[in-house]
Ligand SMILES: Nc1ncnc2c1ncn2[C@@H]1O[C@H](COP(=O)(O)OP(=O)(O)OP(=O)(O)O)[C@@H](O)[C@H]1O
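Shown next as structure tokens: one chain only, the form predicted alone.
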Amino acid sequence: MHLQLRSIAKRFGAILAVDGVDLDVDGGEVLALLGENGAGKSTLMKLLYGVHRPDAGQVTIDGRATRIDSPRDAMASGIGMVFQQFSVIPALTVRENLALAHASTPWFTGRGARRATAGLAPLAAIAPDVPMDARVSSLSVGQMQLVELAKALQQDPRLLILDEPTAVLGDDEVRRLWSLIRGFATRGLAVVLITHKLADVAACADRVAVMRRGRVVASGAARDFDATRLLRTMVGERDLAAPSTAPLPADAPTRVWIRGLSARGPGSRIDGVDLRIARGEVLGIAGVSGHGQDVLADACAGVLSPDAGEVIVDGETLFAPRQRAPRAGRVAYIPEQPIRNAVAPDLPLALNLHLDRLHTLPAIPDRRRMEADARALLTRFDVRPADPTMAAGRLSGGNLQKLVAARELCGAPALVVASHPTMGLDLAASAFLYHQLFALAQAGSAVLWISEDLDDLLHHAHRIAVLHRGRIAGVVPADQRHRQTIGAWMTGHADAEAA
């Protein structure tokens, strides 16, 4: 396939999201499309996939002008796309979700789905450990991402668009995906990889194109762009260095006690988790995806009622079996999947910023003041566009993440539960969020930070606790000397001793 985009433009109200973009993609190559959150990367590819219609410009495939008005048109033209926001249906099995991607659905649902997907190769290649008859709700976020990829691949596309595919994957899954992407290109597919991770570019890309504020500002062979040039092209001369956490005093008092906490979620559970977090401490939670991290986060934030144990904050039990206190003002929560768990997509940004304190608003709120306050907060957290009247569902994944962070980190909570808080964020946004998170810790908040990026935890956390099969395998200071011990605990070697 040879794809050409010429003078593509798209405006949403006063926002010019895509501004006269020219782009070429050829079969057999991987094009990395980079840029900050809100640069227009996802919008451009959604125009190509028929989710939106361009206001101007032309799409040419193999020398023929092509009109794409819907995803069905895109698929008919040989274009597949894996979105950053999942479209799998949690209540259905993996097999049934794959069957729904067939043009012949609904006739291939139910028992027919077994015949339709029994020999499906893509999922076996990408995720051999994902059972076809498991409900999607029982899968980890990384496994859901791989099911999404399998749905696109079974359409046998000639051009595959991947929107931030490594954002939710662990290290082993990322390496496997890199290998698969290179394999796609070797077989003649054209691949557009939307990413902000320089590691993705180094591992996969043949060419790069960098977008800023709706325009392509640089493009060329990937070998001609080193990390420094890419960063400067993406974000200019801004300082992207993430801050360091302040040293924790030896006598810092306990502010949060997670005492004997047990709880069950759709696909995992925790058993007898016992952790203390000091005032001003950042406690990192490491572990392989699917070992109870989501359940721990939900239970500590009061979203999930525990089966046993309690979450004690400042000496008061907030969450326990059959007990759930209001968390507004005391517990801030950035969940792993904001679009599903932290925003109301159809409500405007201003109301989303007040979701945790709607009960405090007057019966007839001052709309102008609310929108003015929201605009200031959106601007501070660089949510693009900073339009308080826009529905949250229209934001890109990274901007949704920043919206939730703006709401949750703007106060002075006693406990901050941050589950993969920089997922989907570009480097500048990640550095800014770390500044906000660690500033709260320095002001006295206790921070529970869940991440699969061990380097980040080792660099920023005060201590690291390892969660394995729902239990705490061990806790050590965040120091490179303990990397081997942490790795052993993560893989189930509970007899490993701290270095």
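All values derive from a computational prediction rather than experimental measurement. Residue numbers run from 1 along the displayed sequence.
Just so you know, the form predicted in complex with the ligand exists too; it's not on screen, but the next bit is about it.
**Q** The ligand isn't shown here, but in the predicted bound form, which of 427 to 435, 463 to 471, 441 to 449, 29 to 37 has heavy atoms within 4.5 Å of it?
**A** Single hit among the candidates: 29 to 37.
**Q** Would you please decide whether L23 lies within 4.5 angstroms of the ligand in the predicted bound form, comparing each non-hydrogen atom pair?
**A** Although the ligand is absent here, L23 would stay clear of it in the predicted bound form, with no heavy atoms inside 4.5 Å.
**Q** Using heavy atoms and a 4.5 Å limit, would one call A17 a contact residue for the ligand in the predicted bound form?
**A** Residue-level check for A17: yes, a contact with the ligand.
**Q** Using 4.5 Å between non-hydrogen atoms, is S396 touching the ligand in the predicted bound form?
**A** Yes, S396 lies within 4.5 Å of the ligand in the predicted bound form.
**Q** With the cut-off set at 4.5 Å between non-hydrogen atoms, does P385 touch the ligand in the predicted bound form?
**A** Because a heavy atom of P385 falls inside 4.5 Å of the ligand in the predicted bound form, the answer is yes.
**Q** I need to confirm a contact call. Of Q84, S268, N341, S289, which residue comes within 4.5 Å of the ligand in the predicted bound form, counting heavy atoms only?
**A** If I apply the 4.5 Å criterion carefully, the residue I get is Q84.
**Q** The ligand isn't shown here, but in the predicted bound form which of R327, H196, R407, H420 has a heavy atom within 4.5 Å of it?
**A** Flagged contact: H196.
**Q** Quick one: name the residues from 40 to 77 with any non-hydrogen atom within 4.5 angstroms of the ligand in the predicted bound form.
**A** Going through 40 to 77 in order - heavy atoms within 4.5 Å of the ligand in the predicted bound form - the hits are G40, K41, S42, T43, H52.
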